[in-house]
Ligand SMILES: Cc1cc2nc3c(=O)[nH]c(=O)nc-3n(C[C@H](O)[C@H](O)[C@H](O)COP(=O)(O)OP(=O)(O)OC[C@H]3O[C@@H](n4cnc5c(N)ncnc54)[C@H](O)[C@@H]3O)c2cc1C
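Next up: just one chain, as structure tokens, the form predicted alone.
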């Protein structure tokens, strides 16, 4: 009988397992990949607040990031550079190994190539079917946007706001990466780039992550076609990617509608993508995922202290997470609807030519300020642009 079994070895599940094990609980992590967190289609940026709040070692960084580049119409773009580091890019597999080792050092057990196939909540425990039948007092669902456990809690949830991401990992000469990208992550917007989404180029040490994300309900043709066109035909990106070679292709679903409606039940909580902890406007997920893992661990530990694993005790988790990150994800949905529904007319124009507005966009994309603060500061520029029209 385990105290907690965590389905999913991404940042959310591993941070949660490390913290739970540090409380002295008996924790098992099951991940269906060959290694936890392996090869997920993600740019791989950890914001500075993620590095700081979760005490992540700089040794995992493939490249420090000090700025951002934004292209929002054909031929129109800007860059913002800061006088301090704003984050760093990682390989997801390397990050997974690092977080798994931290969890193991704290006392958790981590098993790879293990998929949870079935789950049954009984009166005194939960029974899981993986490669063997397992019993546990609580289950944590950190098994992604298409989570088996999430679907049990939210069987009628609308899937139309799920996102879909495709990504190439492309090898490049390190000197070319330094010259063409430096220490900036790049974001590209426009209907020609993605149907209701955006593209990204995140440089690492000797390769770049190049991807396209879109709202699944808006994708009318193979999204990989958009990625190919972006790499080969985009007036800015194609030149920067000359000579780069594809070494891997990945694809995955991503939640883009804010927190999942219900992230707890008797003996169950949801984390990370399963809980909807991804920014709908920037795609940032790792900080929010790890925050969900940390918060869930605190609530779960309290449940063990009370020996009460019912909904009433676990409901505190949803309340806490909403207070911590819920408003950011909610405003992210609003920004997504405003900017991306009318990409050619709203992303760009006079408002983006203002240097102060560009700085706010940089702060938004790099997680330097809360969305509420950015919206308040951006309001005068938005009103000014409307008056000019």
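As the structure is a prediction and not an experimental result, all values here were calculated from the model. Residue numbers count along the first chain shown, from 1.
One more form of this protein exists, namely the form predicted in complex with this ligand; it is left out here, but the text below deals with it.
- None of 227-235, 110-118, 314-322, 173-181 except one has non-hydrogen atoms within 4.5 angstroms of this ligand in the predicted bound form; the exception is 110-118.
- Though this ligand is absent from this view, in the predicted bound form it lies within 4.5 Å of a heavy atom of just one residue from 203, 87, 285, 258, which is 285.
- The single contact residue among 207, 106, 252, 216, judged by any heavy atom lying within 4.5 Å of this ligand in the predicted bound form, is 252.
- Contact between residue 167 and this ligand in the predicted bound form is found at the 4.5 Å heavy atom cutoff.
- Within this chain, residue 150 is remote from the site of this ligand in the predicted bound form, having no heavy atom within 4.5 Å.
- A residue is said to contact a partner when one of its heavy atoms sits within 4.5 Å of a partner heavy atom; residue 330 fails this definition for this ligand in the predicted bound form, lying far away.
- Residue contact with this ligand in the predicted bound form: residue 42 places a heavy atom within 4.5 Å of it.
- Proximity to this ligand in the predicted bound form holds for none of 20, 53 and 102, with the criterion being a heavy atom within 4.5 Å.
- Along 19-42, a non-hydrogen atom within 4.5 Å of this ligand in the predicted bound form is carried by 30, 31, 32, 33, 37, 40, 41, 42, in order along the sequence.
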